[in-house]
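One chain follows as structure tokens, the form predicted alone.
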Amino acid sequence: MDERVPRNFETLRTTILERRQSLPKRIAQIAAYALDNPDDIAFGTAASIAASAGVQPSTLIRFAQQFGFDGFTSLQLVFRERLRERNSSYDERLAALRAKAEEGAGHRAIFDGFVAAASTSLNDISGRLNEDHFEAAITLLAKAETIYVLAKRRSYPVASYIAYALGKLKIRNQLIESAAGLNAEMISFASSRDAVIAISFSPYAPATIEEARVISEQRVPIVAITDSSFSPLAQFAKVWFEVAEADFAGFRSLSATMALAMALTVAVGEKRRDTGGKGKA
């Protein structure tokens, strides 16, 4: 394989995002579908993928060739390898950690691995944070009467922290969770006077995406934290942030996401204090 051809999913994803503005319309369409539905790309047929993405099967070949592959099958192998890695069991991940520990200084090597992943994530977001987007998000959230916080699965700890911190800052908020299954009812109270913080990363939690869609239809502005301009969350968001988290032995860090969440929350508190009251910016 040519050295310039992406050899893994993360490299391919980065290459697609770097070139997304210059891609032909149909190629961009399949690129967005591929990043949103990588599992379908991994094991679907050319016909089924093309039908789902709304393109002709020949577009898949052109998409692959656009990034240096000799055909769609070659590109598909990258998606299959990603799925194999993502679907490794926690026992396999722990075995990988133990192997790393044996190669290094015992369990200290595991700690160092996670510190290195966290440092990589933090350095990345520090270098790429768009200050104008950051200020826009703070302004939007600071003037909200109620801030709704929306996340599931791996992103949930971040949402829980945001709700906790907003409460400590005496900012009215609602974490969208309910053991009784009342999420839809909770969301129904949101209006254009409120705002939402929504968090989801690939593979995107379907419930988060659906709830974000519903709440956006209520004209509630959304600030999204996600991992791609092709993320389904990005299309609903007034302001969104791209966060790329590094991983160690298959365990993905939340360091950069948490740093951004902390900064947003505290900055919103400062903005509201400086402007003298609730819901004013």
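Rigid core (definition): largest C-alpha set, two forms, superposition within 1.5 Å. Just so it is clear, the structure is predicted and the values come from calculations on it, not from any experiment. The numbering used is simple: start at 1 and walk along the sequence shown.
One more form of this protein should be noted, the form predicted together with the DNA, which is absent from this view; the next part is about it.
At the 4.5 Å threshold, heavy atoms of residue 203 stay clear of the DNA in the predicted complex, well away from it.
The closest non-hydrogen atom of residue 79 lies beyond 4.5 Å of the DNA in the predicted complex. Proximity of residue 253 to the DNA in the predicted complex falls outside the 4.5 Å heavy atom cutoff. The closest non-hydrogen atom of residue 27 lies within 4.5 Å of the DNA in the predicted complex. Annotated contact segment (heavy atom within 4.5 Å of the DNA in the predicted complex): 66 to 74, selected among 230 to 238, 217 to 225, 66 to 74, 245 to 253. Counting a residue when any of its non-hydrogen atoms is within 4.5 Å of the DNA in the predicted complex, the hits in 47 to 76 run 47, 56, 57, 58, 59, 61, 62, 65, 71, 72, 73. The Cα shift for residue 44 between the shown form and the other one, taken after rigid core superposition, is 2 angstroms or larger. After superposition on the rigid core, displacement of the C-alpha of residue 56 between the shown form and the other one amounts to 2 Å or more. After superposition on the rigid core, the Cα atom of residue 30 is displaced by 2 Å or more between the shown form and the other one.
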